[in-house]
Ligand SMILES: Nc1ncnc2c1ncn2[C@@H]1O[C@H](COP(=O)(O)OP(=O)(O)O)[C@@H](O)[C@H]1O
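Just the one chain here, the form predicted on its own, laid out as structure tokens.
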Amino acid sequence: MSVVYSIVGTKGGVSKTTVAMGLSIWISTMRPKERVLLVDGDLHVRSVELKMCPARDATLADVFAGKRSWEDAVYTCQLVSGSELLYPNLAVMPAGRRFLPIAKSGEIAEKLDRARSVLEEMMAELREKFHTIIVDTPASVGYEHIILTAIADQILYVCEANDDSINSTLATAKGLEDFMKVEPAGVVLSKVMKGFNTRPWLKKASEIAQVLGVVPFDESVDDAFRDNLPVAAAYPDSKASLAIKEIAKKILKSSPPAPTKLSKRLDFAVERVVERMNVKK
């Protein structure tokens, strides 16, 4: 049975994309006979696309615009060692440019309806092709974020060990669970400095969901990013990479959630977006 995880960080810079890329790499490595898909849903930053699938023609944005099929927008991860693919069972769907550009109110509602239809059909087919699907969502909570979160069976939250990050994540988690009934897979505390007392922050983070792990601050992450590589690929034995590996193990050991009732959830998501933007369908 396939499972879809959306990786959510309510603020930029919390290592959300680092965790998403690392999880997809480690899960594909630990389950070499299963197909894994990483969807770059962050159409503003596009870090996954730039680091794992830079040579692309079709993108998620093209799929939403009705210009290309989802099959056209799925590529084998382009990370290589010499001439060999590093992760042959890992696929990537690059983001492309923002799929819901600024438009008039009526046009936004129309685009949201189309996005809902495209997502429903696409996810049904992707679930048949891939065992694990990981979605790197945008950092800000907006219409793209809500739509891409709605497709998940579970959400993995990534936050830092400070009140601002944990409180905003807690508010987001409660809102998403109440509104779309999306249960959390867990929470990750990221960028934790050496010698830092994590005990009180682990307790606070546990109010969001079960804490699956702590990713330490690691200069290797920045070094890898400057080389346009995920840390799990560039420095697999680094502290941050190994911490993400342990989180991947816990996710794989957990019981898969019940299949998502995607149609109803997407309906709710679109209605909520339209309501917030005060547009008429």
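Predicted model, so just to flag it, every value in this text is computed and none were measured. Start at 1 and count along the sequence shown; that's the residue number.
Form predicted together with the named molecule: not shown, discussed below.
Novice: Should residue 266 be counted as a contact of the named molecule in the model of the complex, where contact means heavy atoms within 4.5 Å?
Specialist: Close contact is absent here: in the model of the complex, residue 266 is far from the named molecule, nothing within 4.5 Å, heavy atoms only.
Novice: Mark residue 49 yes when one of its heavy atoms lies within 4.5 Å of a heavy atom of the named molecule in the model of the complex, and no otherwise.
Specialist: Contact check for residue 49: no, nothing within 4.5 Å of the named molecule in the model of the complex.
Novice: Would you check, heavy atoms only and a 4.5 Å threshold, whether residue 227 touches the named molecule in the model of the complex?
Specialist: Outside the cut-off, so no.
Novice: Examine residue 24 and determine whether its closest non-hydrogen atom to the named molecule in the model of the complex is within 4.5 angstroms.
Specialist: Taking the distances in the model of the complex, the answer for residue 24 is no, it never comes within 4.5 Å of the named molecule.
Novice: Check, residue by residue, if 31, 36 and 257 all come within 4.5 Å of the named molecule in the model of the complex, counting heavy atoms only.
Specialist: Zero of three within 4.5 Å in the model of the complex.
Novice: Would you kindly say which of 237, 222, 246, 57 lies with a heavy atom within 4.5 Å of the named molecule in the model of the complex?
Specialist: The option sitting close enough to the partner is 222.
Novice: Which residues in 5-39 have a heavy atom within 4.5 Å of the named molecule in the model of the complex?
Specialist: Residues within 4.5 Å: 11, 12, 13, 14, 15, 16, 17, 18.
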